[in-house]
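What follows is one chain in structure tokens, specifically the form predicted on its own.
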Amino acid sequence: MAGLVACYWSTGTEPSTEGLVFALWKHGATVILPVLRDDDDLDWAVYDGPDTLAPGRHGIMEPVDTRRGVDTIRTAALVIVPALAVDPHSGVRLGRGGGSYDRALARVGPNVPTVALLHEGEMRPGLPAEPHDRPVKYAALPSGIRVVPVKEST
């Protein structure tokens, strides 16, 4: 495996990403993790092993590597994001309300796979959507990967 993968370090009740991030890194991917900026946008830094993380804002683990800028996600070959729920019909994801990942997803190219990691039962039809919300193309659950029909915004 090679390429740049944007992922996140899970917190709280989110599906654990520690093993995923480590495995991607060990298999040759360059993994970037978000660094929450003061304006709630996401900067990105390279993960270079478990010893290269430190608590950031809100106590979430972040890489201590040089910040690469908010546009770094544009070069990712795969983008993995957190979600509280995903609409199986539209790909709309429900986040924590800060809009950080919607801003990041708006920078991702149309042919890049975007995946939300979910627990079973978190695919929920009829999620509300705001104009700034960005859908994901896939939902990964313990039971398997679901493709969600995404209508690209203009």
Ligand SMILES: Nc1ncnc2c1ncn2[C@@H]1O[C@H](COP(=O)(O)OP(=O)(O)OP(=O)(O)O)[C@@H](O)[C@H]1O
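The first residue of the shown sequence is 1; numbering continues from there. This is a predicted model, so every value here is computed, not measured.
We do not show the form predicted together with the ligand, though everything after this point is about it.
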Interface membership of residue 49, the ligand in the model of the complex, 4.5 Å heavy atom rule: no
Contact of residue 100 with the ligand in the model of the complex (heavy atom, 4.5 Å): yes
Partner proximity in the model of the complex: residue 37 to the ligand, non-hydrogen atom cutoff 4.5 Å: no
Touches the ligand in the model of the complex: residue 63 (any heavy atom, 4.5 Å): no
Single option in 124, 119, 68, 96 placed near the ligand in the model of the complex, where near means a heavy atom within 4.5 Å: 96
Interface stretch in the model of the complex with the ligand - options 109-117, 87-95, 27-35, 52-60, non-hydrogen atom within 4.5 Å: 87-95
